[in-house]
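Single chain ahead, written as structure tokens, the form predicted on its own.
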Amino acid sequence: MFDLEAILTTIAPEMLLAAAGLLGVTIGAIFGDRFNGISFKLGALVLFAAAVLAGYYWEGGRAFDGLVETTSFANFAKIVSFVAGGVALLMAEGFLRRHRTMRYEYSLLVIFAALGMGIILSATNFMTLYLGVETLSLSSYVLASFHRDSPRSAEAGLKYFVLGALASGLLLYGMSLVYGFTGSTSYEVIASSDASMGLMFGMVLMITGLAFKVSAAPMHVWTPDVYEGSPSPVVAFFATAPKMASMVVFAIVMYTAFPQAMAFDNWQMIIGIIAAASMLIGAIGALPQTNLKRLLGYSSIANMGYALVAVAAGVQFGAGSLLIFMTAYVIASLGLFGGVLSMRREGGMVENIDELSGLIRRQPGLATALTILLVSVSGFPLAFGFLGKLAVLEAGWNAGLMPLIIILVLSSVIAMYYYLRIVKIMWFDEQAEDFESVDAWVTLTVYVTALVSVALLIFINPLSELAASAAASLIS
């Protein structure tokens, strides 16, 4: 039976995004390039409105005979993902205009990618999940190669597409195995089924496919190349909104579809191994990097490893910690990529770490803000990122994951080196040549994210209570 109220409480943000995307395609077809400029602002407005709707329908609902169900846990991730997507879209406008690649299709692709994020977060059935995964993935492949005249961008898009297709195939094959041994694609039915060897094989294949989506080892190989080759605003989007949504979906699938004792014991060990590998590969791989975007790519791999520690801790200990950590990561990443976008010279964008030399003497405000964000993403106790990593440590401790805690601390110490190296270059090295001025919105984003990182360190209680409330909806 068609129940409009149930549909609205469940997928109102996705309905808005779908309608806006289709309307945008129609308007773009009619007005062409005249729609380019306004499309970015309207697209960001739609994403912010979708975040508001997710907050308005905070408790969520269930619709379409259980194909979709939204909880507070999913809505928390939707709010962060949609806001991050809107900010990343606004940051992209000036960059694309300077590179003469400003097209209304860009904002539409971001909207459709956000639609995919919303679908996977509300999915309670493998069919719905795969629909959302492909909606997000196909939009992302095009975004990665959006700068059509750039060989680097084309290469990044091709690598992302080929490896993404492999991961999607593994994910789909895993789903088919789970269906074959349980007779259903519903999370609820699968959760009530007896664990079996066939179910375990399907679950492992699904974990492999999901690991690609969050760039966790050993499915991480695309990340540094795609981060380096894709246009900077595209990477700012990839590093924030889809990462938040995909990691939360990873947790939802594990917590709700495979809670059986035998399945939990198996996937906890597998995810623990993936988390350990991600933390070490990300931390060590970043050490020799000289390209800032490539370094942030390895940093992302390490941070996804930290987040997977919270997933491995289980729903009782890890759900709330995961939301806090991922929120801290998204805020810091938005600011850091805003920093990349705010630095430009006549020869092109500033991407080499050494080009930041003496930044404190040229732009003290920007250097200070970037320092705060680097401190936050490193987990040093002067910004919000410290509380995010502390929440993950506490979750791992409560779940008895001591080997992972040791690796987390070790990789954090290694990572501290390359973060502090950037700070040292900005504050103490000889001054390099000045940057050209860029649009104020990007620089404002850097300052705001730095201030938010400090503010949330001091006023963490409301966010912690909100995350705990969201996690409780998943447990119940």
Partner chain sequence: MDFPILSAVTFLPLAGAILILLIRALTGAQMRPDGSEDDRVLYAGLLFSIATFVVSVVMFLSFDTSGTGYQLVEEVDWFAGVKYKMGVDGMSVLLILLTTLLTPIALIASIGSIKHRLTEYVVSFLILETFMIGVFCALDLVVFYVFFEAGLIPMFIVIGVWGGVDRIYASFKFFLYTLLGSLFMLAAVVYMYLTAGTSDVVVLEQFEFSKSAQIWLWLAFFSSFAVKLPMWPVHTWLPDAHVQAPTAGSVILAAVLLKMGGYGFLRFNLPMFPDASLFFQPFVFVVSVVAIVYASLVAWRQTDMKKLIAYSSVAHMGFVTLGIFSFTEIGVQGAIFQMLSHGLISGALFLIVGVVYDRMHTRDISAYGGLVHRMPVYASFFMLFTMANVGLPGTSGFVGEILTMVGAFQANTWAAAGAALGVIFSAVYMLTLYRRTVFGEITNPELDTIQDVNTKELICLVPLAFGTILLGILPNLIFDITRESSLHALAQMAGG
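Residue numbers count along the first chain shown, from 1. Everything numeric in this text was worked out from a predicted model, so none of it was measured.
Form predicted together with the partner chain: not shown, discussed below.
For the residues Glu351, Glu155, Glu134, Glu394, the 4.5 Å heavy atom test against the partner chain in the predicted complex is passed only by Glu394.
Taking a 4.5 Å heavy atom cutoff to the partner chain in the predicted complex, the contact residue among Tyr447, Tyr57, Phe48, Trp427 is Trp427. Judged against the partner chain in the predicted complex with a 4.5 angstroms heavy atom cut-off, the residues Ser412, Met416 and Ile458 are in contact without exception. Only one of 172-180, 226-234, 124-132, 381-389 places residue heavy atoms within 4.5 angstroms of the partner chain in the predicted complex, namely 381-389. Residue contact with the partner chain in the predicted complex: Arg421 places a heavy atom within 4.5 Å of it. Proximity of Ser464 to the partner chain in the predicted complex: non-hydrogen atoms within 4.5 Å are present.
Interface membership of Ile405, defined by any non-hydrogen atom within 4.5 Å of the partner chain in the predicted complex, is confirmed. In the predicted complex, Ser196 stays away from the partner chain, with no heavy atom inside 4.5 Å.
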